[in-house]
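This document starts with one chain, in the form predicted alone, laid out as structure tokens.
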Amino acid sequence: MPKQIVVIDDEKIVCNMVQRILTQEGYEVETFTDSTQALNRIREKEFDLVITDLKMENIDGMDILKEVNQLYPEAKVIMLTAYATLDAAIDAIRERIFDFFPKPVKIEELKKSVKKALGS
């Protein structure tokens, strides 16, 4: 069974790009531009990996990270952000983030991180 990944980013172009790349790698990918809808989906279904933007309307990436860690301790979370500050990175590390990428994300680095996170 393919690994399940959810991608959450308020930029549709980012969702589409990451989905296309990871689907080509053989993963099953769902995308959301609305973080509230994404969190509702995460509460319904366990994903192996969550890739989320940090700064979004309604629910931000840190809240998603905390909820995923609480619901599914085995799941991994990769965060993408255009606002890569040291404080944001430290907060993410404290919350057990798997990886943290500044935008624009380098595709090869993201693919490597996803493979490592999923042990594939």
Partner chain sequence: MTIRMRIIIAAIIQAAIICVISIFGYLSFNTILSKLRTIEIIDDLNISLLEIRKSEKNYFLYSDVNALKEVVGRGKEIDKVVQSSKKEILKGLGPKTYNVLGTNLSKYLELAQKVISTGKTPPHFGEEFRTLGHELTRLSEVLLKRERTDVNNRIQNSIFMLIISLSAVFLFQLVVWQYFFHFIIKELAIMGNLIQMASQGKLHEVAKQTISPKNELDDAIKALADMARELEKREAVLLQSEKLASLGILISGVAHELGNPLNNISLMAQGYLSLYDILGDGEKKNFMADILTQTDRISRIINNLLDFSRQKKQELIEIEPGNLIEKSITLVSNQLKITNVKLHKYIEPDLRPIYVDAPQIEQVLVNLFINAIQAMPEGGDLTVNVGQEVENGYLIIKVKDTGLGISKEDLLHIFDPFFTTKGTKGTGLGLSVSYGIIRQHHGDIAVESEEGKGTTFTLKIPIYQPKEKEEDAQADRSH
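None of these values were measured; they are calculated from a predicted model. Residue numbers count along the first chain shown, from 1.
Another form, the form predicted in complex with the partner chain, is not on view; read the next lines as being about it.
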Q) Might L71 be said to contact the partner chain in the model of the complex, defining contact as any heavy atom within 4.5 Å? A) no
Q.
So in the model of the complex, is the partner chain close enough to V14 to count as touching (4.5 Å, heavy atoms)?
A. yes
Q.
My question is simply whether A82 lines the interface with the partner chain in the model of the complex - judged by any non-hydrogen atom within 4.5 Å.
A. yes
Q: Report yes if any heavy atom of K55 sits within 4.5 Å of a heavy atom of the partner chain in the model of the complex; otherwise report no.
A: yes
(Q) Counting only non-hydrogen atoms and a 4.5 Å threshold, tell me whether I21, Q24 and I107 all contact the partner chain in the model of the complex. (A) yes
